[in-house]
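Take a look at this one chain, the form predicted on its own, written out in structure tokens.
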Amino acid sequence: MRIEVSFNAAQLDELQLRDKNVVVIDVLRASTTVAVALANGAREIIPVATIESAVKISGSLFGEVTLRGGERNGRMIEGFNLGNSPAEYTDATVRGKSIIFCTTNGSVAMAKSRYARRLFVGSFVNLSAIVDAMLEDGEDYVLLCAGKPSGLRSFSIEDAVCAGMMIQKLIQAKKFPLDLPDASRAAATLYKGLGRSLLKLLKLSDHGQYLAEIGFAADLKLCAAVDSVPVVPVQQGTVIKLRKPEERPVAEPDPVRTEPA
């Protein structure tokens, strides 16, 4: 089972991800928000790469059952219904709704992975559920960290540590021999060194500090809560929905034994 890590989605194109099994990771905050929205009853998430695409798609859907969610520079996009804070995606707001989702990095990584063989959306909040799904499949995976747009600050430490935590759990499971290239080993090493206090990590990260500055400090605690939203968002066609548990045969009970009279 080969586990590759890309530290920035901008480094890859659609063709490189075609027919791959991909986990998109954007801890702050797109992956967390997708998990929360689906757990709270959203019908589906429709990730798009641009605001123009979001507007175009929303024009062809029923307004009363469709919401537009997302951000630019951390703040809700003008004309949208929701931003990118997981706290906004409550049961009362999203249940039964389709959400057109457009963020600076996370939705771009999801849209870029649309030709993947399988696409999960993972974060700290649903980490064990994602790892269990990977182990159930038993196939090679690319852990695609959303990162930031290309430049000197394109690396996001919180995404890399999340990928490293997934790898560490795969190692501990001992279900399959793992093939870990250098980037994967680096992510696992980062987790071992920085994973003891995830909330502290998020507070010290570049994007965590920025979110706190613009009024979203409370989101950091939500995003650091490991396994608080144990769902598996998976791409189905062009949308992301909850993965339904595999139906397993029910074991027949042992026959009742009676003592001879």
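Here the structure is a predicted model, which means the values were calculated and not measured. Residue indices: 1-based, along the sequence shown.
Although it is not shown, the form predicted in complex with a small molecule is what the next lines describe.
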Partner-contacting position among 81, 154, 98, 104 - heavy atom within 4.5 Å of the small molecule in the predicted complex: 104
Contact of residue 37 with the small molecule in the predicted complex (heavy atom, 4.5 Å): no
Residue 42: touches the small molecule in the predicted complex, heavy atom cutoff 4.5 angstroms: no
Interface membership of residue 207, the small molecule in the predicted complex, 4.5 Å heavy atom rule: yes
Heavy atom of residue 211 within 4.5 Å of the small molecule in the predicted complex: yes
Residue stretch of 227 to 235, 43 to 51, 197 to 205, 28 to 36 approaching the small molecule in the predicted complex, non-hydrogen atom distance within 4.5 Å: 28 to 36
